[in-house]
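As structure tokens, one chain now follows by itself in the form predicted on its own.
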């Protein structure tokens, strides 16, 4: 099958992309980038996540490809407010809001399976053709290939075993969720082949990067110019997205998809009821495993899930003796650039 019916937009890393592709569309992640004028403030409150507002700015500024539909995940209150505002400013575009569980137990998987089934019905209606199981299986196959390629390239890049820079890696992250998966797989295969004998990247202080959205490749150049060497990440616009879907056949294909999405590396909005402060320990474990000297957490302003967990994250890092720098941004390169002095001072402390 080919992705020839146009694009369907999405805004969250938990979106079931194989379903969108199975209906004949190309999934297009609306990243909070671009030069659209600030118009979202006329509709949304000033103290609302800039990630959400930048997406709405792009919709209001027509800085998007023609969309046959838009899929929103009810991952946080700000994302739900975006869905409400989108319906007002772009009523011409089909839209669906899918509820996303905050936990990962069996009940959550069962519920999310039902939500994905609702999405299947919606995209089938939009396309005018029923989305079949074989189509979904093929979509999963393609996105599993993308995950495999990106995980391999990510490991080589962060490990200094390729001449691909982290800024180029971020460009590939962005491209993998905004264009044809078939074309991307062809290019990813070529890139991996060309980089098999790549030379090691230049040095710097090893740092682990985690947090919310950080899609601008220029931000990674700024980290490097400040003396940091990013050797691992846990970002929802980075490697956290690439988690292959299980295809063992023990469960239905839709349930497998639901479970695999919920069990991917969690963001701050995910709750482990047995250990509410688990996210700090997870980030420390990842940083130590790759040999990072310290960690940088990039949080978007007014992001309630992350900011509510920052006190416990800071405390866990303090107890573990792992240096941590927390940066708050507004989804613009300018906000990161304004903190370059802090970044440089942090890297100097780690030397």
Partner chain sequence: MMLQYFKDLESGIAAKIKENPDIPNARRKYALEVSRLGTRLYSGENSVAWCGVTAPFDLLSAMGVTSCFVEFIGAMLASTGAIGTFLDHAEHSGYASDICGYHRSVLGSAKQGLMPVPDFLIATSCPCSGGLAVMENLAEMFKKDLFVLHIPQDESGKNVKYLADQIEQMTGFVSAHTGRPIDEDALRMAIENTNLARELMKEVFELASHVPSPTNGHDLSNFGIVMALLLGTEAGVNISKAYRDEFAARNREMKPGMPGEKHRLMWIQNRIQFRSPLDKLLREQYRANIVVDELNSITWEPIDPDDPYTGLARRAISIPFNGTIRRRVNHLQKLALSYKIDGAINPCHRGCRQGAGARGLISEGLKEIGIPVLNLEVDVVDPRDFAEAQLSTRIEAFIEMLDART
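These numbers were taken from a predicted model, which means no experiment stands behind them. Residue numbers count along the first chain shown, from 1.
Same protein, other form: the form predicted in complex with its partner chain, not shown, and the subject of what follows.
With the partner removed from view, the residue among 132, 244, 277, 179 that has a non-hydrogen atom within 4.5 Å of its partner chain in the predicted complex turns out to be 277. Just one of 33, 283, 48, 326 comes within 4.5 Å of its partner chain in the predicted complex, counting any heavy atom, and that one is 48.
Its partner chain is not shown here, and in the predicted complex it never comes within 4.5 Å of any heavy atom of residue 58. None of the heavy atoms of residue 263 is located within 4.5 Å of its partner chain in the predicted complex. Using a 4.5 Å cutoff between non-hydrogen atoms, residue 108 counts as a contact of its partner chain in the predicted complex. Its partner chain in the predicted complex comes within 4.5 Å of no heavy atom belonging to residue 253.
In the predicted complex, no residue of the candidate spot (69, 219 and 236) has a heavy atom lying within 4.5 Å of its partner chain. Only one segment in the set 290 to 298, 23 to 31, 61 to 69, 40 to 48 has any non-hydrogen atom within 4.5 angstroms of its partner chain in the predicted complex, and it is 40 to 48. Although its partner chain is not shown here, in the predicted complex the stretch 288 to 310 places heavy atoms of 302, 304, 307, 308, 309 within 4.5 Å of it, in sequence order.
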